[in-house]
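Take a look at this single chain, the form predicted on its own, given in structure tokens.
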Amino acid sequence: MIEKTAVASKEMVRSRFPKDKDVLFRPKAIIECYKEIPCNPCETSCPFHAITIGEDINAIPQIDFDKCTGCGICVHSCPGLAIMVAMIKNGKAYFKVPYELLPIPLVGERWLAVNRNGDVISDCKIEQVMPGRKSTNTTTVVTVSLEQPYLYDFVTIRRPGDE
């Protein structure tokens, strides 16, 4: 499916999450690299050595959820915008997602939650905004919350009115 549509199937997305959903009571990086490409900033930026690519720079990154703290440094560093951090708390799903468009959302605003097909699935609350830095060529990371049933559907945000 991904070869024809460039959209990961739900099974592919689920395969990137911890098998035990209880692991997500703490934030964990979710790496959605599905193709072998020469890239490794996630591995080199992780201060906890939770991401491994190995000798072959084309290999698909592997994450050790026991080592991952969900710090989000890999989200800032990924040039492909293929990493987010997910966590479940009190019936809500929290995500740290890369965001490279303007305007940058403001904490407390309500934006639209979008799935991998570009469809709006819900609204979400902007919880935190960590600006990227030009000096280190890193991406802005936005933390959002939405209802937990959208855990495997959510991928990014859209400003209301930009439909």
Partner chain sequence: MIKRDLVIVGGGPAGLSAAKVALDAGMSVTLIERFNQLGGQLIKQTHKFFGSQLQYAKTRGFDIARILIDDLKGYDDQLEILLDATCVGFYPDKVLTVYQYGKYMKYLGGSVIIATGASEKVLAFENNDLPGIYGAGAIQTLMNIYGIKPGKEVVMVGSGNIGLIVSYQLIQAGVKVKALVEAASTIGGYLVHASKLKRLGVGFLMNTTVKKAIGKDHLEKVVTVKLDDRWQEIPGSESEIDADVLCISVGLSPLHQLLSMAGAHMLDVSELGGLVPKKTCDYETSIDHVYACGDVTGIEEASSAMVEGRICGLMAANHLGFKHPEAQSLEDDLNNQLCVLRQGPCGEKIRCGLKKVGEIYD
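These numbers come from a predicted model, not from an experiment. Positions refer to the first chain, counted from 1.
Unshown form predicted together with its partner chain; subsequent notes refer to it.
Proximity to its partner chain in the model of the complex, taken as heavy atoms within 4.5 Å, picks out 28-36 from the listed stretches 28-36, 62-70, 104-112, 123-131. Every residue of the trio Thr5, Asn40 and Val155 has some heavy atom no more than 4.5 Å from its partner chain in the model of the complex. Though the partner is left out of this view, Thr139 does reach within 4.5 Å of its partner chain in the model of the complex, counting heavy atoms only. In the model of the complex, no heavy atom of Ile88 sits within 4.5 Å of its partner chain. Proximity of Ser45 to its partner chain in the model of the complex: non-hydrogen atoms within 4.5 Å are present. In the model of the complex, its partner chain sits within 4.5 Å of a heavy atom of Ala82. For the partner-free chain shown, Glu55, Asp56, Ile57, Asn58 of 47-65 come within 4.5 angstroms of its partner chain in the model of the complex, judged by any non-hydrogen atom.
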